[in-house]
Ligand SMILES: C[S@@+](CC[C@H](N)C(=O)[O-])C[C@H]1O[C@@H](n2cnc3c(N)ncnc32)[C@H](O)[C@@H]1O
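What follows is a single chain, given as structure tokens, in the form predicted alone.
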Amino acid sequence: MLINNYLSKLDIKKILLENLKSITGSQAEQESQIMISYSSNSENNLDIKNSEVDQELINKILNERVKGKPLAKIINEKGFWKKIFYTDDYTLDPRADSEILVEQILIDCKKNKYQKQLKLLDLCCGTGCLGISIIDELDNAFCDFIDVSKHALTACKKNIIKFKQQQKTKIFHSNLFKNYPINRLKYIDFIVCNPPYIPTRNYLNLNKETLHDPRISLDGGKSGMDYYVKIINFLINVKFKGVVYFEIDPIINKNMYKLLLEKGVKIVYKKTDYLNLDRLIKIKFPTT
């Protein structure tokens, strides 16, 4: 731990790396930089002076980190896409794996060159990182946000305000579509959704850091498919005309593809993440 108030920024970083390597491995370098930047209230690690580093705050963060608490849950921040989002104990921390959804949706939107206002829905929104990242880059986009957790929606609202997107967003507290005005779906061009998809048996064996995320954001039921089944069945029944971008996981993809085949849902395309694992599926519903 840090015990010398006159340590240089370089010395502080060395101490952090020594403590973090056994906990976070290859992420130690990145986490040490985040901790120094956070303690200095700066986003640019290179511009920080030695006197600006709050060693007492770093000690508090490090004490929590060595106990196994994820850094994002300690400082209530997590970088995603091009921004730093607020997160807390009630939300799933944004993950780099999910950036493939933002990337591909923006490619599709710019390729199609929408002239009218684009309306999207971020379902199971959590921090709102998906929807906010998308509308932030599209001048003509508006996003509805749905989550079953009031706490998660509080975090989402904080991010909406932080990034000044109040005029392009609306929040709904709802268990999937239960309390969402069904007439709004007629105007939704696409849905982006990262639902809970970890099978219960796998959830119980997750590492301790992941278990700091709320169970409601991870546990997808016995096969991990509970939310996909509910969402797909509902959208078929209401004859939803838009498309859906789902985050998926290799652990459930066979069941997912089987479900879509049985329901006659068209797979527009599949995409892999940066580790070459199935991570995104774009689907379109039957028109008859």
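Small disclaimer: the values here were computed from a predicted structure and weren't measured. Just count from 1 along the sequence shown to find any residue number.
One more form of this protein should be noted, the form predicted in complex with the named molecule, which is absent from this view; the next part is about it.
Three-residue site 200, 223 and 281 fully in contact with the named molecule in the predicted complex at 4.5 Å by heavy atom: Judged in the predicted complex, none of 200, 223 and 281 sits within 4.5 Å of the named molecule.
is_contact(residue 125, the named molecule) in the predicted complex, heavy atom dist at most 4.5 Å: Close contact exists here: in the predicted complex, residue 125 approaches the named molecule to within 4.5 Å, heavy atoms only.
The named molecule contact in the predicted complex: residue 104, any heavy atom under 4.5 Å: No.
4.5 Å heavy atom contact, residue 154 to the named molecule in the predicted complex: Residue 154: no, not in contact with the named molecule in the predicted complex.
Contact flag, residue 146 vs the named molecule in the predicted complex, heavy atom cut 4.5 Å: Flag for residue 146 set to yes.
Contact residue in the predicted complex, from 112, 205, 167, 175 (heavy atom within 4.5 Å of the named molecule): Residue within 4.5 Å of the partner: 175.
Position in contact with the named molecule when the complex is considered in the predicted complex, options 141, 71, 92, 191, heavy atoms within 4.5 Å: Contact check passes for 92.
Per-stretch contact check against the named molecule in the predicted complex, the hit in 154-162, 128-136, 181-189, 104-112 (non-hydrogen atom, 4.5 angstroms): So the stretch in question is 128-136.
Partner contacts for 182-209, taking the named molecule in the predicted complex and a 4.5 Å heavy atom cut-off: 194, 195, 196 sit within 4.5 Å of the partner.
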